[in-house]
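Consider the single chain below, provided in C-alpha cells and representing the form predicted on its own.
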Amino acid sequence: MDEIMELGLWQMVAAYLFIVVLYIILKLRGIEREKELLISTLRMTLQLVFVGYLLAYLFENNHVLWILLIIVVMQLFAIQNIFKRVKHPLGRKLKQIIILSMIAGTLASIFYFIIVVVQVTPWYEARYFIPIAGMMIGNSMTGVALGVQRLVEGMHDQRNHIEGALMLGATPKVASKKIVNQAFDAAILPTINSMVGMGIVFLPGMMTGQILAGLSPVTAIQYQIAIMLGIVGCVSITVIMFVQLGYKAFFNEKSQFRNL
C-alpha cells in the first residue's frame, strides 16, 4: 500500500482559497450570501475538527456503550431535521410514524449490513459502524423528509378526490394509493439518480477518500458498491414503512378523512 499523503497547514490554507473566490463572486454579483457563506465555512470547519478528534478517541476506546450513544444522537438529529424540513404542520400521530419508521428501518438495515454483508467482529467496531450508520441514517433522513413532504401535500391537494372515492365505497388504502406511490417515488428518486452517474460522472466521497488514503481502487470500488446498495436498501425500507403507515394518520377510526 502506498504511503498516505498528509495535508499540511499551508495546504489546508490554500484549499480555503476556493471560499475566497466564491466570496468575491458573491460581492461582485451583489448576491447577499457573504455572511451565510462565512458562517457555513466556520461551522463546517469546527464541526469536522470536533468530529475528527471524537472519532479518533472512539477508535482508540472502542466500547458498545459509546456506539449506542452515537446511534441515539444520530437518530435524534435526523428525526428533528425531518420535522424542520417539512413545511406543513405535522400531527402527533404522523410524527410517531416518522420516528418509528426511521428507527426501525435504519437499525434493521445497519445491523444487517454490518453483520451479514461486511461481517465486522465485533459488530460495534467504531471504525466501521459509525461511518456506515452515518451514511445510511443521513440518506434515509433525506428520503423520509421528501416522502413526508410529498405525502402531506398530496393528501391536502387531493382531498376532494379522496373523499369522493371514500363516498363511492373505496377504502382509505385504495383512495390514497396513488398519493402514497407518488410520495415513495419522490423519496427514492434522488438515491436512484445518484447511482446513474456514479463511477463515470463522479467518484463518490467514500471511494475517493479510500483511494487517496492508499487503498486499492478495486477494493475501494467493492466497498462503494456494497455501501451504495446498503443505502438504497435502507432508504427503501425506511420510506416504504413510513408511507404505508403514514397515510393512515389522515383517516379516523370510521375511515373518514381528517386534518392533521
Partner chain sequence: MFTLKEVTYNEILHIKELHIPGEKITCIVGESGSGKSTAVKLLNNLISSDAGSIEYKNKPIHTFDTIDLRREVVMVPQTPIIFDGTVKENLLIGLQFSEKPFVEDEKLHAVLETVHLKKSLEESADQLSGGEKQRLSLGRVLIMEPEVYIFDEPTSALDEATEDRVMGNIIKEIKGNQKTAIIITHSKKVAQTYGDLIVEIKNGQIVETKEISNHG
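Given the structure is predicted, the values throughout are model-derived calculations rather than measurements. Numbering follows the first chain given and starts at 1.
Heads up, the form predicted together with the partner chain isn't pictured, but that's what we're talking about next.
Looking at the partner chain in the model of the complex, residues Ile79, Lys84 and Gly91 place no heavy atom within 4.5 Å of it. A heavy atom within 4.5 Å of the partner chain in the model of the complex is found for one listed residue only; from Val72, Val174, Val116, Leu100, this is Val174. Of the residues Ile188, Ala126, Leu107, Ala170, just one reaches the partner chain in the model of the complex with a heavy atom at 4.5 Å or closer; this is Ala170. None of 92 to 100, 140 to 148, 118 to 126, 159 to 167 except one has non-hydrogen atoms within 4.5 angstroms of the partner chain in the model of the complex; the exception is 159 to 167.
Contacts of stretch 217 to 254 with the partner chain in the model of the complex, defined by any heavy atom lying within 4.5 Å, are made by Lys254 alone.
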